[in-house]
Each structure stands twice: as structure tokens, then as C-alpha cells.
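Just one chain follows, in the form predicted alone, and it is written as C-alpha cells.
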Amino acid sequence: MIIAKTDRLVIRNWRETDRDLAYEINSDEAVMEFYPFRRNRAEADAFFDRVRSMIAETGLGLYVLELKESGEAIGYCGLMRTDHLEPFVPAGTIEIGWRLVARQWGKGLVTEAAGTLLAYGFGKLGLNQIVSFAVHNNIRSTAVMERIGMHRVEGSDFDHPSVPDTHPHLRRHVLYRLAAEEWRSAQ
């Protein structure tokens, strides 16, 4: 199922052939710099199965980014519920998130995909707001958030409850938000 297309990307559901991508991005030290874990093959396969069924069940999830020119799957970008983060983010809030293979960094591909998914979320899905969050010093991710029009919610930094005490430098997260009205007025 194709969710959307951009100038350079097809944003689509996962295919069985994308298992290697799930492993590559979830085990790569550079890609996972701001996460307290790296997934082995079995864990990456479980992640693959989870995100695929999430999309099948809800229509929301992490969608594959595929280069139009070559057909290569290079990462994911998606919209998901954040209910696991109450009280930091209200129940029912939708998050936009992404991961991209390191060899494709610096080309604006995540910004392109995320901008298209904001349009999908605010337009087709009728969402009122979309949030994103990252480790406080993850400059690459917060720069994407700002490029797509999101703004940091001052006073809303939080310690992510899923980050173990063994990684205190990854606990503090910053929260960004974009309201539908703000997005529409910028269009």
C-alpha cells in the first residue's frame, strides 16, 4: 500500500523484502546513537512484524521510505500514537518520527518525507496537532522538526520513561509540536 509520493520518494507499507532494512537501521551504531539499544536480527524481525501489523490494524505507523529512482528502501518515517508517554504527552496525540540509513543522510530525504506526512496527517486524517520528540542534544532530528515547521514546546522537556537508568545521557527529551492551524497558515 502506498501512503504518498514525493519528488524523490515513495512512502509505503513494509514488504517482506524490507526485513534487511529493519535490521540495518536498528543495528547501526550511527543511526541508533540516541537510543539505548541496538537490535540483533531476531529483535529487528520482531520490530518489523510489529510495525507492519500496527499499520494493518490502525493505518498509522512507520512507513518505508523508498527511493523512486532505484526502488531501494532507505528508512522509515511515520505517524503513531504516543499513549505510552502519558503524562508528558496527552493520550491520543500523534507523533511523527523517522530513521534513515546513514548513507542517505544529508540529502533532505527525511525532511521531504516528514513534510509530506504532515500534509497527510492534517489533510487526509484530519489531525489537530502532531508532535515529535528527541533526545535533547539530537541536533539532526530537532533540525528536521524545525525545517518542517514544528516548534519546541518550552517547559515540556521530559525524561523518557523507556530509557533505562544505565543511559542517563539519553533520558532527557525535548518536545516539538505543530498545530493544524499553524500548518495550514504556512501553506
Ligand SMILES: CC(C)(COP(=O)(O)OP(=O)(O)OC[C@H]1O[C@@H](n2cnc3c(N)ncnc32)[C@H](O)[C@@H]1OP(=O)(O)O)[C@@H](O)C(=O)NCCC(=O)NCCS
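Computed from a predicted model, the values in this text were never measured in an experiment. Start at 1 with the first residue shown and count on from there.
Keep in mind the form predicted in complex with this ligand is missing from the figure; the text below concerns it.
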Among the candidate stretches 133-141, 39-47, 55-63, 118-126, which one is within 4.5 Å of this ligand in the predicted complex when only heavy atoms are counted?
133-141
Can you work out whether residue 87 and this ligand are in contact in the predicted complex, taking contact to mean some heavy atom pair no more than 4.5 Å apart?
no
Does any part of residue 100 reach within 4.5 Å of this ligand in the predicted complex? Heavy atoms only, please.
yes
Is the gap between residue 106 and this ligand in the predicted complex 4.5 Å or less for some heavy atom pair?
yes
Report yes if any heavy atom of residue 35 sits within 4.5 Å of a heavy atom of this ligand in the predicted complex; otherwise report no.
yes
Should the three residues 31, 111 and 147 be counted as contacting this ligand in the predicted complex, with contact defined as a heavy atom within 4.5 Å for each?
yes
